[in-house]
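Before any questions on how it binds or moves, here is one chain, the form predicted on its own, in structure tokens.
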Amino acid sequence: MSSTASKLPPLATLGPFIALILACVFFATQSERFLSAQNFALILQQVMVVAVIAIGQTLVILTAGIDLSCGMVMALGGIVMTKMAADYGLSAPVAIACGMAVTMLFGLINGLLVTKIKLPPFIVTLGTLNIAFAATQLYSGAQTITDIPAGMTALGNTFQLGQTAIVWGAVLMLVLYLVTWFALRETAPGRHVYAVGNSPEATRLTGIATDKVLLGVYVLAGLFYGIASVLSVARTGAGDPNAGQTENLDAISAVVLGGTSLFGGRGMILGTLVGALIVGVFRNGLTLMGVSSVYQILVTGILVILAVATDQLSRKGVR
């Protein structure tokens, strides 16, 4: 019996999956529409932007950092790429590259301030959050940007899977999770990310350049925010200067609900995907039940507190 139990994954790993299944069972009893394939496809479409932002956020949190600027940097990237296409007539690929270059630049700035000046990630990204917000409003004139080429919304197109329409952006999201899962699990740089989060000093003494690892993580996070910008533009068909207001906290919620420790060094990227789905399932299920958005935010907040409390108790148990 004890041998069998020892082979099972720990509760911290199984917890997010159990929570997602229980949530699906509960909402299936509350609405006949919930279990339909169309509704699950809609949930994937609704969470794809937050889920891709959460990949970058997971990498940062695994190093015991946090990135408060992720949503606003994503919004700035969307504004830059849509303005480049709408106002300067750049082709969709070039305009998208410009937007992603900006999000990666913010990642580079965050990384340099954390590694070279040794500023706390919380303070650094709080500052860049405000800079990105101001830049977004000033550059866009606080106006939504439309009249963009069709190539920028290609990932918002759908294909048929049986009777269900699946958006291409959701497929890209799943591919990104698989690639990141493989990189973290099977490559040396991926293992270095966990090592830096566990003990940066011990990692440095083994000969690993911890500053390079941290800098790479922040730049890579910026890349994922840029991809999320593309998905956001593809989903809405416009550059929205007010985007990123809720995606910021939703992405952090997804990471925490997925079992990644805010203290760094523990967690798995597929758990973050489950965390994003938990947020999406609760929002979708509560909407089908006719619950207002205010109560949806309230429920999300309670879930995050429960997840952090579970992580804290788990760490005490380990000690």
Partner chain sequence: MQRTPAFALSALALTGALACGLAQAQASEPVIGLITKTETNPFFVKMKEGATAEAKKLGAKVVSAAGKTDGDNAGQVTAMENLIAAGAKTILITSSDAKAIVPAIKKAQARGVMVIALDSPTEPADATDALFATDNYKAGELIGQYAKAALAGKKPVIAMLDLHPGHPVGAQRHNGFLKGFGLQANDAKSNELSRPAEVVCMADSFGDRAKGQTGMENCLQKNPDINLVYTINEPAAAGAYNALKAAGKDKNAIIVSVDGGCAGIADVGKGVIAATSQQYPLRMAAMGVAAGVEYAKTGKKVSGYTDTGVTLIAAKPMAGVDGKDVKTGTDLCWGAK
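Source: prediction; values computed, not measured. Residue numbers count along the first chain shown, from 1.
Quick note: we don't show the form predicted together with the partner chain, though the next part is all about it.
No residue in the set 188, 199 and 203 has a non-hydrogen atom no more than 4.5 Å from the partner chain in the predicted complex. Exactly one of the stretches 36-44, 268-276, 55-63, 254-262 approaches the partner chain in the predicted complex with heavy atoms within 4.5 Å, and it is 36-44. Although the partner is absent here, residue 248 sits far enough away that none of its heavy atoms falls within 4.5 Å of the partner chain in the predicted complex. Using a 4.5 angstroms threshold between heavy atoms, residue 91 stays clear of the partner chain in the predicted complex.
Contact check for residue 235: a non-hydrogen atom falls within 4.5 Å of the partner chain in the predicted complex. Residue contact with the partner chain in the predicted complex: residue 133 places a heavy atom within 4.5 Å of it. For the stretch 110-143, the set of residues having any non-hydrogen atom within 4.5 angstroms of the partner chain in the predicted complex comprises 133, 137, 142, 143, in sequence order.
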